[in-house]
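Encoded as structure tokens, the following chain is the form predicted alone, with no partner shown.
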């Protein structure tokens, strides 16, 4: 094929780790390779493996050491969907790769596509979900506190929040967008989601050219369905972003059209959001649009801006024409993966007729500030979780007696965030087997670790303790939340 006038002319060759994946993965990966080769994009692929075949070889992570080494060297990977096996292996291979390379930023573009009819067609949907990718509940730190009570730790750091929020603003600048929304549950989770909101407000001041708006995440979900065209960029913590990015993809046709980028300081991984679809694997039925769009994101990450435009325009022109689309779009009249790919290759050098062009600049990955220590720190008590089905009105006096003589007093007992002892608040507790005992300094002085250790020994004479958290003040302000009914 002759070089298109719009094709790139660049001498450097990019090394990229290529993971074919499972199910339809090898087919759609081959389709992407064909299009990029026809567009003469200077890439040297290093084929490596992860996923089901690796799990079956007895590698618990699902990722081969040579795959990790390759990504560490190339710093860029394009991968097909990976199967998460049931009944063998350990964590998802996808999660393993993201955590190993600290790909903290997940970008999910959501843009109306020509030729793809949805209930939202014609609304001009065009926004990006920016999801924090390594913190929050997805740190995966869980415990069974008792046989009937599980806990998960929701970890939100100032540093992690700064990086993802700055990434959202940098993305807005790179793509000429005017607004960044931050969607949180800070009205309920005032320390974790609240920290994310506070950092957003701090970082927004660094970008006076971009409008910054906070939105409660429930309302964001509502608004995304009611009026999605209002959004430009939405930045969220991990779990919120995971859920709402899938909702967002449904607005433009579903996961089959959802690309993604996982960006990190040391490596970035590009992948389609959809799964491995084993039911159609090997049948020449898979739609490679999402993975090809992910490859476009990869090209822009590599600085191949002209090549990215060329490939994206060919895909959009093919969708707009509607002459040779896969069966998931056209039904029984649809063509196979290979025929669809050939049509995209034929359209290299073309652009869609009725699709607004967006000018992209290369995205600059942000920095995080150095840790800022609190001006002062003081331990003022401890929360001790105990396994106990005893009525709090009976347990409370026994614990108070056990703690007598220590510089700590039992302030209250709570069950699932509501004060149940002393009982003046009027809560009738649902019987549970996990209660939280809140101890505060008896005289207002700082509490020593030795006092907390002695407290645990005494509490265990009343009920087995299963978890303990220090209660601290940073800068003279309480660094813990109060229960419903707590003074």
Ligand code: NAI
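Residue numbers count along the first chain shown, from 1. This structure is a prediction, so every number in the text was calculated from the model and none was measured.
Although it is not shown, the form predicted together with this ligand is what the next lines describe.
- With the partner removed from view, the residue among 108, 274, 181, 163 that has a non-hydrogen atom within 4.5 Å of this ligand in the model of the complex turns out to be 274.
- Of the listed positions (219, 279, 394, 230), a single one reaches within 4.5 angstroms of this ligand by any non-hydrogen atom in the model of the complex, namely 279.
- The partner is not drawn, yet in the model of the complex one stretch among 184-192, 69-77, 410-418, 284-292 has residues with heavy atoms inside 4.5 Å of this ligand: 284-292.
- Candidate site formed by 20, 27 and 347: none of these residues places a non-hydrogen atom within 4.5 angstroms of this ligand in the model of the complex.
- Taking the partner from elsewhere, residue 83 is found to have a heavy atom lying within 4.5 Å of this ligand in the model of the complex.
- In the model of the complex, at least one heavy atom of residue 94 sits within 4.5 Å of a heavy atom of this ligand.
- Contact annotation for residue 102: none of its heavy atoms lies within 4.5 Å of this ligand in the model of the complex.
- Residue contact with this ligand in the model of the complex: residue 328 places a heavy atom within 4.5 Å of it.
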